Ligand SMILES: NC(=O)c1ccc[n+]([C@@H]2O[C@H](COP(=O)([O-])OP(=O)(O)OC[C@H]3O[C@@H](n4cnc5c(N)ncnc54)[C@H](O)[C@@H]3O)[C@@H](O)[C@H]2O)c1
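Coming up is one lone chain in structure tokens, specifically the form predicted alone.
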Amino acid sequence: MALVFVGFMGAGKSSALDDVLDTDKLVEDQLEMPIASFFAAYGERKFRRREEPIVLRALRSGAPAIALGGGSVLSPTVREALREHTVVWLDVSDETAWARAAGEERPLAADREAFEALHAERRPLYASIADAFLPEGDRLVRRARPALEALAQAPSGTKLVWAVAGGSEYPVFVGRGLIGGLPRPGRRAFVVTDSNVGPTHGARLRDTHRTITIPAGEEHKTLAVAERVWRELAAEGMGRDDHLVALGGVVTDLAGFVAATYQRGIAVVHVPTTLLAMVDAAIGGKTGVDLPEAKNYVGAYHQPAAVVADVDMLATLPSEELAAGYAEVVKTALIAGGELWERVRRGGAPDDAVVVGCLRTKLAVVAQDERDEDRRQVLNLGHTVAHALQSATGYRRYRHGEAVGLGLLAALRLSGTDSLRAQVRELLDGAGLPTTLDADVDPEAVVAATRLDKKRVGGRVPFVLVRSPGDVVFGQRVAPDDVLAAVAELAHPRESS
């Protein structure tokens, strides 16, 4: 089994590792001329016929690392042969690809508009065959190599998404049967879990030094509980060369905050056990606890050392918890647009590919803006009303995902995208999520709570609005009366429509 690097022109496949076997060079040796010259003389179709058997021989050669030409994967026979290997997609931006490929006599890099159109056409193909997703081409391969080699030993079907945020990088593994083989960034593993997850999954963790169990539920995501964990870690003599394992859903927020602050920062491995945590809470580095006044008001940015999403654990979730995570899936698909939105729009339970798509979408946003100063604010879609709804009801009425679903409907009403709102409402309703407020929830109290949103600037609360799937804008000014009308419609949809 080889590491096989695929991707577009200019991704740096041939320079990814020192020991890589470059199939483009093999092809040129067989053709006895440069690829560009063969293209010019005989065209792409004949080139692909000559290229295919050479690539297939390389894949059978036993080489530890192989770089394929950008178009090699157009061959169904090559794609079938890749199933025996670990396929690493080196993804690069149009700008990087063009800067590297233009002017090198590449036959398909003569016109920039056509070049970018071809890149867009091939991206879904690369994504469909990839086992590992590296977002910045060859720049990351050497640092990611230990994780790539671990991926090769992981259960079949496991995917690796490499996360980049600020100065931090870490692997995110998604698959089945992964919980028994977690990364170990520290000497001893201290587990933080909750009273629901611990009895179900805690025994599956191996080589752990101590498990700390906290009460389950958002209402226990507090400074008092964080202090209890800090003190238990101190009593056990945990040092900075040890690490935390956050096993659970809501637990990832609190344990991440504990890790960010204990001895001014220790490593943490997130093992999310809910759909919501897998696609949102466990990745991106936001950690925190709630105050009675507002959600996530005390926290820190602290990127994990690794994330392990074992999808098998979703089978043990109550249906209402799985549904709550689905709201975050819908939110992320609206931000992504394109193929991810089309998959989610068709309905049905999220599969592994949807989980990976959500992860890649969020991590791409976080890579651009780790600390919520710009683009990352789009991830707050639906959350302004959602957080206000949770705080106004004491964190006991609505699960986070349930509140996010309602917040999405309010945001879509404020966006003026009525047909899209109807689609989203149908998706949420089909998943068993609430689409109206409970009768005793006061819309004015919810709107008042939005004024404490931690993203407010100059006393103004910015909203995230949706023009269309994939076209989401942040920092939008919305009149208070319009916010009240959108929330009131959730309470009385017939009277307000």
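In case it trips you up, residue 1 is the first one in the sequence shown, and so on. Remember, predicted model here, so these are calculated numbers, not experimental data.
Missing here is the form predicted in complex with the ligand; even so, the following discussion is about that form.
query: Of Leu74, Ala216, Ala353, Ala102, which one comes within 4.5 Å of the ligand in the predicted complex, counting heavy atoms only?
result: Looking at Leu74, Ala216, Ala353, Ala102 one by one, just Ala216 meets the 4.5 Å heavy-atom criterion.
query: So which of Leu317, Ala109, Leu414, Val164 gets a non-hydrogen atom within 4.5 Å of the ligand in the predicted complex?
result: It is Leu317 that has a heavy atom within 4.5 Å of the partner.
- prompt: If we take heavy atoms and a 4.5 Å cut-off, which stretch out of 117 to 125, 257 to 265, 279 to 287, 152 to 160 is in contact with the ligand in the predicted complex?
  reply: Looking at the other structure, the answer is 279 to 287.
message: Residues Val250, Asp253 and Glu321 are flagged as a possible site; in the predicted complex, is every one of them within 4.5 Å of the ligand by some non-hydrogen atom?
response: Yes, because Val250, Asp253 and Glu321 each have a heavy atom that approaches the ligand to within 4.5 Å in the predicted complex.
query: Even though the ligand is not shown here, does Arg176 get within 4.5 Å of it in the predicted complex, heavy atoms only?
result: Contact check for Arg176: no, nothing within 4.5 Å of the ligand in the predicted complex.
The ligand contact in the predicted complex: Gln423, any heavy atom under 4.5 Å: Looking in the predicted complex, residue contacts with the ligand do not include Gln423, since no heavy atom lies within 4.5 Å.
- prompt: Using 4.5 Å between non-hydrogen atoms, is Val197 touching the ligand in the predicted complex?
  reply: Val197 belongs to the contact set for the ligand.
query: Is there a heavy atom of His243 no more than 4.5 Å from a heavy atom of the ligand in the predicted complex?
result: Judged by the heavy-atom cut-off of 4.5 Å, His243 is well away from the ligand in the predicted complex.
- prompt: So which bits of 127 to 159 sit within 4.5 Å of the ligand in the predicted complex, heavy atoms only?
  reply: Result: empty, none.
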